[in-house]
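Before any questions on how it binds or moves, here is one chain, the form predicted alone, in structure tokens.
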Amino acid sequence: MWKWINQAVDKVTQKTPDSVQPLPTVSTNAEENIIYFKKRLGSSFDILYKQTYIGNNRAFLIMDDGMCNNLLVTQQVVQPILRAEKMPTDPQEQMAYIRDKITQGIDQKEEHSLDAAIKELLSGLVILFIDGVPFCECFGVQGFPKRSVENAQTEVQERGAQEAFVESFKDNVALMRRRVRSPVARFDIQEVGKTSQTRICICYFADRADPQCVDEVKNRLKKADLDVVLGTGYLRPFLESDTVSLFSSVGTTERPDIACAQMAEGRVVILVDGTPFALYVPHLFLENFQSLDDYNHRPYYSLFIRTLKIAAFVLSVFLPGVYVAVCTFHQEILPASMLYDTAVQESITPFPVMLEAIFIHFIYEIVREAGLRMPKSVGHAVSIVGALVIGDAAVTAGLVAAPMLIVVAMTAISSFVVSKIYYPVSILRFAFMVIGGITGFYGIIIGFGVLLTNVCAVQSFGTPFAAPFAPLHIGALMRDTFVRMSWTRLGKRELQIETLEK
């Protein structure tokens, strides 16, 4: 089946060949270089070419209008070059004189490859060609539009910093550098995507991260056969565990303080240019129930909050299935008064309990998706209409029993408590409703065992996904799992992620 699907996909998939053969090096004839640029870039209106003369030598300046700061281009590149005095007559001496004594910017580099020069041009640098010089000079005058640093939207915290990552990965690195001013912090650059050539930044602490893990991350990303990379989701499958699971073995965060905390434990953080979210590996399942506020409150309150989140996870996954199983097979466990009321309510509905549960949860997912994707001014109205009008009308019309609406409400609220894993929870919820409606408690218990076995089988870069429970590690379990030790003990030494592999 899978082989047939892969063959069908391959039939509609076609690799895009390069239409122009790359020219290996910069020509001493500047006109040839410009012709090559125009072949590769076409008639794009944002690519600007300016021909001028430096002394008696012809020169060309090329810039991407949307990626450069025009004021910096004029002040740091064009005016200093055109107004320079005592300019040498030899072309190569002219280029060296411009690079060393004329231009004022620090971000300068010399390129001998035309393809590399095009890449720098599209990154916001100005390119200078001079007749008779077998290389070009690139000047950093970036000024592309970008969003300013704002509050976190998906990982809201009561205490602590409110800053979140933005789309510019250089700004993201600066946010992390400001928090960890240590020379052990490493930020390595790679490129992925044959067409997009998206820059990614691999961040880690040199004295804490496992070198094998860092090398493995770099190798996997280097082997990622992608044409275009527009977000972290493109790279996640290449970092996932080989074991098939609904839960991701790659962590995601939009907060620089959380990313720094992960690096302090020996994790590797991946920033993607153009995406305000970061990936990190290895990732543990129990980290889905932790937040930054756990470390800003007293330890006893952190214990309470984490227990509450785990209870909410269990409710959101199993409550609908358990309700269906009770109403279908195990009515004897209900008190007599509750059994009578539930039976009366369910008797007036036209559908079996399992179909009723699937139907109302499906309607809830539709309302949630509509409220999430609609404009903010309309999204709240959609949620209110779905909650009040549809719910009340369904009960009044006898399509849905009132206890079922209570179950849906409790499930929905509980699922938002652990929003990091909302998507696998929503799928598991439907699965356990079907299992509970067909096999009752016995099937739910077997399904829970299968789910637990699957979580324990996942490995995230050599670290068990279910650690420190499987395998059991008493020290890490008592240090920062359910129980969080005080910072008088916790702050003496950070947890090393590789110790959980033992």
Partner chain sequence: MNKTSKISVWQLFSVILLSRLLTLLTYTTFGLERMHNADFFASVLFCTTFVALFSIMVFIQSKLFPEKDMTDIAYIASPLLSKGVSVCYAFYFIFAALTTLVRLELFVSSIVFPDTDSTLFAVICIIAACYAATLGIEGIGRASVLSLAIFNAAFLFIVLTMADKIDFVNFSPIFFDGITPSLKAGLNSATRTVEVVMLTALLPKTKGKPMRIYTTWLLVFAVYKLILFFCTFGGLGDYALTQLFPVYAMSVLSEVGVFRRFDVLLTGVWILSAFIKISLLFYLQAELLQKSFKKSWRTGYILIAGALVLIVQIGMGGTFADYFFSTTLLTRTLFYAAFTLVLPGVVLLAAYRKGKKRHEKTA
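Residue numbers count along the first chain shown, from 1. What you see is a predicted model; the values in this text were computed from it and never measured.
Just so it is clear, the following notes concern the form predicted together with the partner chain, a form of the same protein that is not shown.
Figure note: of the listed segments 310 to 318, 238 to 246, 264 to 272, 93 to 101, the one touching the partner chain in the predicted complex, with heavy atoms no more than 4.5 Å away, is 238 to 246. Contact with the partner chain in the predicted complex, defined as a heavy atom within 4.5 Å, holds for exactly one of L48, I35, L452, L41, namely L452. Proximity of P335 to the partner chain in the predicted complex: non-hydrogen atoms within 4.5 Å are present. The closest heavy atom approach of F469 to the partner chain in the predicted complex falls within 4.5 Å. For F448, a non-hydrogen atom is located within 4.5 Å of the partner chain in the predicted complex, even though that partner is not displayed.
In the predicted complex, no heavy atom of I358 sits within 4.5 Å of the partner chain. Not one of Y280, L284 and D480 places a heavy atom within 4.5 Å of the partner chain in the predicted complex. The partner is not shown here, but in the predicted complex the stretch 206 to 223 reaches within 4.5 angstroms of the partner chain through a heavy atom at D210, Q212, C213, E216.
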